[in-house]
Each structure stands twice: as structure tokens, then as C-alpha cells.
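Single chain ahead, by itself, as C-alpha cells, in the form predicted on its own.
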Amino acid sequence: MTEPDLRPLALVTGASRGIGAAVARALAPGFDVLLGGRDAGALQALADELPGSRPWPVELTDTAAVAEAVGGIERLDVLVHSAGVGLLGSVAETSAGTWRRQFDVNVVAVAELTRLLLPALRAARGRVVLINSGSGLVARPGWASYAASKFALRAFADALRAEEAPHGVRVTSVHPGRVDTDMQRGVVAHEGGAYKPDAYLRPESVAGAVLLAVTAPPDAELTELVLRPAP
């Protein structure tokens, strides 16, 4: 996907912790990695751990800041969208502001960053991976706005895949079940349950699925990957 004397380049959003950090670690042996996120200290600590990586701190909902941050990226082999928010609540208790925030982060920011990077992705015939959710396949009570944003993210991926296929850009949606992350701990607290880490996927398992998608051979396109915790 790149010139023989250059290491391929990947950009991972949400890289300061959880799934995003695990994805960055999984990609680092074969890619130079731009570590996207808002926590500059956490990004620098991860960059110190991963040779060839560097922090890429930006607020993804700030369109002007994102446009400035992508300047100079002329080729991009892999774009992994891992940043997101999970704001739970029933329809009756979810405000318009929560709906807007959820869609701004989980859908609009993803679409805009992808749009800005399409020339670089096309130049490299790159791969786009979107960390979706089981909630992008099934909507459960209390998850209306979150699930709606993830259904929209899946639709975005499907349309992007069809549009960019002539340019050689491949698009994969990854739908993990519940993952052992800070976000999941917040979900359990919201639902009033007991947290049992062994009942959840590890971030590294999700990262393995991402690595599978981006290293698939030329004759194989992984369009969707669904992961569930093993019983």
C-alpha cells in the first residue's frame, strides 16, 4: 500500500485508552501510528512506548481544528475510528442535547475526519475501520440515542464502502459486544449491576480483529466483523 522504503502510516482515534490504545499497540510493529485523542499526556506516554508513533491531539468535534490537524497527511494506509461516547438513557429521559452530542461524536466527527482524509486514503488504497458496537445491530431499552448513532455509523460505513471501492479504499465495521473498558464500567454502574471483567471482551481481542481487517490479503475484503465474549 506504500512505497517499499516507507513504513505504512495509520491514524487511530481514541488512542489514549481502552480499545484505541490496544489497537495502536497492535498496529505499531508494522505501522507508524498517529495517536489521536484529547489527553495529550496519555498520548505522549503511549508514544514513548511505541517507536514510530506520535501524538495527534485534536478535539474531533472542532471541525476547524481537525482540518488543520490533517494538513500534511498525503498518504494514509489505515484509519481506525475508535473514539466515541456512550450516553445511556430511555427515550423519555434523553434530552435533545444528549442526542446531538452522541451523534456529533459518534457519527458527524467520524464522517468529517474521513472526508478530509479521503485523498490520502485513496493515494494509499487504504483501509478504514470503524469500531461500532453490538448496539449497531440491535437496539435495547435504555440505549436509544447510543444505538441510533451506531446504526447511523453502520450506514455510513456501508455507503462509504460502496463509494470508495473504485478508488481501492476498503471499509470494515467491527461490532464488539461488551468490552472491559472504562466506558463499560460506567454502563454497569448506570444499570446498577456488578462488574465482572471475565464476562467481557478484552480490548486486545478487539484490536486483533482490527489487525485482521487491515492485513487481509488483496483478494479478501472484511466488510463486517462481529465479536462476542466467549461463554
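It should be emphasised that the depicted structure is a prediction, and the values quoted were computed from it without experimental measurement. The first residue of the sequence shown is number 1, and the count goes up from there.
The same protein also exists as the form predicted together with a small molecule; that form is not shown, yet it is the one meant from here on.
Exercise. Tell me, yes or no, whether Ala45 is in contact with the small molecule in the predicted bound form, where a contact means a heavy atom of each within 4.5 Å.
Key: So Ala45 does not count as contacting the small molecule.
Quiz item: Even though the small molecule is not shown here, does Ser145 get within 4.5 Å of it in the predicted bound form, heavy atoms only?
Solution: Ser145 lies outside the contact set for the small molecule.
Quiz item: Does the small molecule come within 4.5 Å of any heavy atom of Val105 in the predicted bound form?
Solution: Val105: yes, in contact with the small molecule in the predicted bound form.
Quiz item: Within a 4.5 Å heavy atom cut-off, is Ile131 in contact with the small molecule in the predicted bound form?
Solution: Close contact exists here: in the predicted bound form, Ile131 approaches the small molecule to within 4.5 Å, heavy atoms only.
Quiz prompt | Site test, Arg127, Ala157 and Val226 vs the small molecule in the predicted bound form, non-hydrogen atom cutoff 4.5 Å | solution = No: no residue has a heavy atom within 4.5 Å of the partner.
Exercise. Counting non-hydrogen atoms within 4.5 angstroms of the small molecule in the predicted bound form, say which of Gly177, Gly30, Gly52, Gly168 makes the cut.
Key: Among Gly177, Gly30, Gly52, Gly168, a heavy atom within 4.5 Å of the small molecule in the predicted bound form occurs only for Gly177.
Quiz item: Using a 4.5 Å cut on heavy atoms, which of Leu117, Val85, Ala152, Leu137 is close to the small molecule in the predicted bound form?
Solution: The option sitting close enough to the partner is Val85.
Quiz item: For the chain shown here without its partner, which stretch in 97-105, 71-79, 157-165, 117-125 has non-hydrogen atoms within 4.5 angstroms of the small molecule in the predicted bound form?
Solution: Stretch with heavy atoms near the partner: 97-105.
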